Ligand code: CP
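Single chain ahead, written as structure tokens, the form predicted on its own.
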């Protein structure tokens, strides 16, 4: 049976730590691995993408492989073919398949009949590749993961959930501060609260995401009102550890969930996060495709 990465819960703590360390090795020597030499990887996008598409395309090439990028309107799924049948077909041509979509059930359907690894490039419920890149950024910044305190403030979404799952596996103390109605269900051992001020005490990193994601436009005003107290600014960072950094998975809306001063200032590692997507995903592809 192929090994899939759908939520991050498929990994062990030891594997997460090994992936982070391997990603840093690949960052130092981007062309050192030929794990995908002679292989192709299908990248299916049912949702718009900048960082995910670029980081996966470039990463597959750096591993010696060929990325096959597929938009939903380019496939027969736009005319009613099932994802399960699409998975069966793709597995006859490629060594792994990634999907960026909405409902998690669509990813599960694709994986259910695929004879090659399937990996999550974003679903409504999970974003494990982002969380792996975040851990790479933390290790790069602080030299360790075990015992770090990572506080996510804002909408309890797919990114928050994956930080709880994958961060918890790596020994990171994950705290998620969200207002009532925006919290995730308990997962991964994360601490849940509605108080951002209390949450960030002693934090090594404070993380946020956009307040209005794709599909949330109709409730934008309500969301902005509820999430306003969860903005990352210098005052919130001042309540954390002296060397604390701000993180954001991007795209950002400066002035909403994060101030421009923090986003473009010296107290963040956000742009490193964006680059680290590529290195983390290359390590993940090595693992799933059985080569290192």
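Positions refer to the first chain, counted from 1. Note that the structure is predicted; figures quoted are calculated from it, not measured.
The same protein has a further form, the form predicted in complex with the ligand, not shown here; the description that follows concerns it.
Chemist: Which residue, 267, 224, 66, 51, is the contact with the ligand in the model of the complex, using a 4.5 Å heavy atom cutoff?
Modeler: Of the candidates 267, 224, 66, 51, 51 is the one lying within 4.5 Å of the ligand in the model of the complex.
Chemist: Can you check whether residue 161 is within 4.5 Å of the ligand in the model of the complex, heavy atom basis?
Modeler: No - in the model of the complex, heavy atoms of residue 161 and the ligand never come within 4.5 Å of each other.
Chemist: According to a 4.5 angstroms non-hydrogen atom cut-off, is residue 277 in contact with the ligand in the model of the complex?
Modeler: Yes, residue 277 lies within 4.5 Å of the ligand in the model of the complex.
Chemist: Using the partner position in the model of the complex, report whether residue 61 sits within 4.5 Å of the ligand, counting heavy atoms only.
Modeler: The answer is no: residue 61 has no heavy atom within 4.5 Å of the ligand.
Chemist: Residue 41: heavy atom within 4.5 Å of the ligand in the model of the complex?
Modeler: Flag for residue 41 set to no.
Chemist: Each of 100, 130 and 249 within 4.5 Å of the ligand in the model of the complex, by any heavy atom, yes or no?
Modeler: Spot residues vs the ligand: full contact, yes.
Chemist: Tell me which of 25 to 33, 249 to 257, 225 to 233, 66 to 74 has residues with heavy atoms within 4.5 angstroms of the ligand in the model of the complex?
Modeler: Contact criterion met by 249 to 257 only.
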